[in-house]
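In the form predicted on its own, a lone chain appears below as structure tokens.
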Amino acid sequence: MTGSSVADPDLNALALNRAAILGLPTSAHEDWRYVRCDTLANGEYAPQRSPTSAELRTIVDHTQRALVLFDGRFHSLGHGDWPSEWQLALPTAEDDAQTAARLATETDIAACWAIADGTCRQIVRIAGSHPEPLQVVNVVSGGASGFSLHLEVAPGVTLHVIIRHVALAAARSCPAISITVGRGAQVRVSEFQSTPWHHLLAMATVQIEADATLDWTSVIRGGACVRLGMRALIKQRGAHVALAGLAEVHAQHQAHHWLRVVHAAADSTSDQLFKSVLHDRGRCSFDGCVHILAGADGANATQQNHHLLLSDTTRADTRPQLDIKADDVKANHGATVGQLDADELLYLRMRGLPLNEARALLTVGFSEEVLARLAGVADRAFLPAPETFHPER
């Protein structure tokens, strides 16, 4: 395992300048229309600090290899004896030039902050399959931080990536993660966020080559402002991308998914399934669009979004969209916003279940379709347990 986390001051300055031009996001921005952005403008973050040993033990399993980033910097906790199939490298001068050119026209404020606030820009080249998952642990103690991480997955490789976002106190974290999935490769990503005082603005960019598969599932609990963004380019024939997410939001927290999936090749497929469970005054949104470009005949895309409201004071927004420029395609989308089914509740009550247990059982059933995709993930601590889905009494 080689490489370092030296920041490029020129890129940091370019990103900071671009972020200043774009300004803080507001609901007037089309891509942020459902986000309560006042928490970003008024956010008071705790000062950054070193984690205690007890905190680290609850965050990272010492028995497993992990790429640990603490306030945007590499932390020595992760194992140094990585498998030979995983190669850590710094961006080249050509990579930096491309990043600088992209920053000149970047429109996503979170992508700019990832570099402006970041001290780590790394590339992980996955040259071969390995049975262990590649773990990326993003820990923030306070302040504003970010990092940029690119995974290059070689053709034919099978890889499981586990991403965890943890905030020890009020902080803003802007990670930018990009993945290139080589021809015939199979990549599975399991992503978790669980700390309620998080300002997490994450942006993922993925590119899928011929006959490759990307399966990405996220589970988030929300926070002061949690927004997961993704741009996925299905670049070549036979590629498939499957995206799923579950947000379980309490108190006055918020969680948002923003996705753009582009079919640029014929005979490509994609499916999206995003759900949310909202309690108290929780707020959640889904803003997704599938673009099928001219020439992408034979593309097949599905997009589903469902919100379950367990309180009269929650808010859910949904905007599934299709933008189709090809003729011979299959595409469908749908969305629902509602409460628990009264007939199903009555059915369970008639069989002896108390009201609270019946509601909790139906809520877990609603969530299971997404949680089932995480079967086999070793870190169960970041999965919502059934008892967390209790309805308000």
Partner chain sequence: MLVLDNLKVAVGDTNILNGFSLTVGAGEVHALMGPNGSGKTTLGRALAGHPAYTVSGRAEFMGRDLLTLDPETRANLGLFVSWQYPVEVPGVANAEFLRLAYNAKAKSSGKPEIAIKDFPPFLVQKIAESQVPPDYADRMLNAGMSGGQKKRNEILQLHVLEPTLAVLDETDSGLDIDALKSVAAAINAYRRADRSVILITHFQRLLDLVKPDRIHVLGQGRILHSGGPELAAKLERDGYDWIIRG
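It should be emphasised that the depicted structure is a prediction, and the values quoted were computed from it without experimental measurement. Numbering follows the first chain given and starts at 1.
Only in words, not in the display: the form predicted together with its partner chain, which the text now covers.
Of the candidate stretches 320-328, 50-58, 359-367, 29-37, only 359-367 has residues whose heavy atoms lie within 4.5 Å of its partner chain in the model of the complex. Although the partner is absent here, H333 sits far enough away that none of its heavy atoms falls within 4.5 Å of its partner chain in the model of the complex. A residue is said to contact a partner when one of its heavy atoms sits within 4.5 Å of a partner heavy atom; L346 meets this definition for its partner chain in the model of the complex.
The closest heavy atom approach of L353 to its partner chain in the model of the complex falls within 4.5 Å.
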